[in-house]
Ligand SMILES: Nc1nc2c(c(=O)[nH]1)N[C@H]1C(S)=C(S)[C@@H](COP(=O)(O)O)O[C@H]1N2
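The data below hold one chain only, encoded as structure tokens and taken in the form predicted on its own.
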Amino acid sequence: MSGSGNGKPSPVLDDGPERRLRRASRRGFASAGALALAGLAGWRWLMTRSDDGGLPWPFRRVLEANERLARGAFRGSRLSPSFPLGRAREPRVNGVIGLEGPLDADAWRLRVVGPTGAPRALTLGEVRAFPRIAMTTELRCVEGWSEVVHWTGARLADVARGTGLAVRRAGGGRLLDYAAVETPDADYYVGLDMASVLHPQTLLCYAMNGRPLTPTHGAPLRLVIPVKYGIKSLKRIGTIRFTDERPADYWAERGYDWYAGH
């Protein structure tokens, strides 16, 4: 045993669990503080970047990267799963933008517009004259919920081809790149790429679960695209405009992905 020179034993330093825990806590607190400061600095840097479509440009670049991946994986032959009719339920209303005004069903018309040629104004009866398509698919919301719904309507592709307004005649008959879809008051609007327009499950629906649409679910005609989130399934369509310019999109302007595929 070592001594201190006066015959008394030297004190033994206590390096037990409590001391080690205190040292670890101090190191952890310092590390957490440094990480928090770094995170705050990074967030401030992001928030001070220039705006691009309603978002700081780094966030917009991430959404654009997601879109490139989704569009690269998209196939017109890939269908959203179908379900037994007995699984169908009424979905949540979940949004009334563009539905606030009164609906005059008799006066309603679907305006279809292209870059050339006279616009068309279709009655609901004329839309119903296109081949009738029925499907039972899942309506998915970006909020995380989903519901199986039975839809009946006409393919948007049939309306596009039937009106002839989705074609750029000056370009040798090539189909245009996009479609813009709006409510009659233009308060709600979505943009679609032409591949999504032509997808066989993209419908202009006039019935839901075997009954005509109600006003809160988009009567007299609404868009349904099972391969995209519900923010694209615009209710109460007023105008479809075919164009080569990428259209504005209500939720993309508010920080969501323009493509909105899943």
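All values derive from a computational prediction rather than experimental measurement. Numbering starts at 1 and follows the sequence shown.
There is another form of this protein, the form predicted in complex with the named molecule, and it is not shown here; the text below is about that form.
Across the options 88-96, 118-126, 102-110, 159-167, residues that bring heavy atoms within 4.5 Å of the named molecule in the predicted bound form belong to 88-96. For the marked spot (178, 194 and 241), a heavy atom within 4.5 Å of the named molecule in the predicted bound form is absent from each of the three residues. Taking non-hydrogen atoms only, residue 230 approaches the named molecule to within 4.5 angstroms in the predicted bound form. By the criterion of a heavy atom within 4.5 Å, residue 204 is excluded from the residues contacting the named molecule in the predicted bound form. Contact between residue 145 and the named molecule in the predicted bound form is found at the 4.5 Å heavy atom cutoff. Interface membership of residue 234, defined by any non-hydrogen atom within 4.5 Å of the named molecule in the predicted bound form, is confirmed. Taking the named molecule as it sits in the predicted bound form, the stretch 212-230 comes within 4.5 angstroms of it through a non-hydrogen atom at 216, 217, 222, 230.
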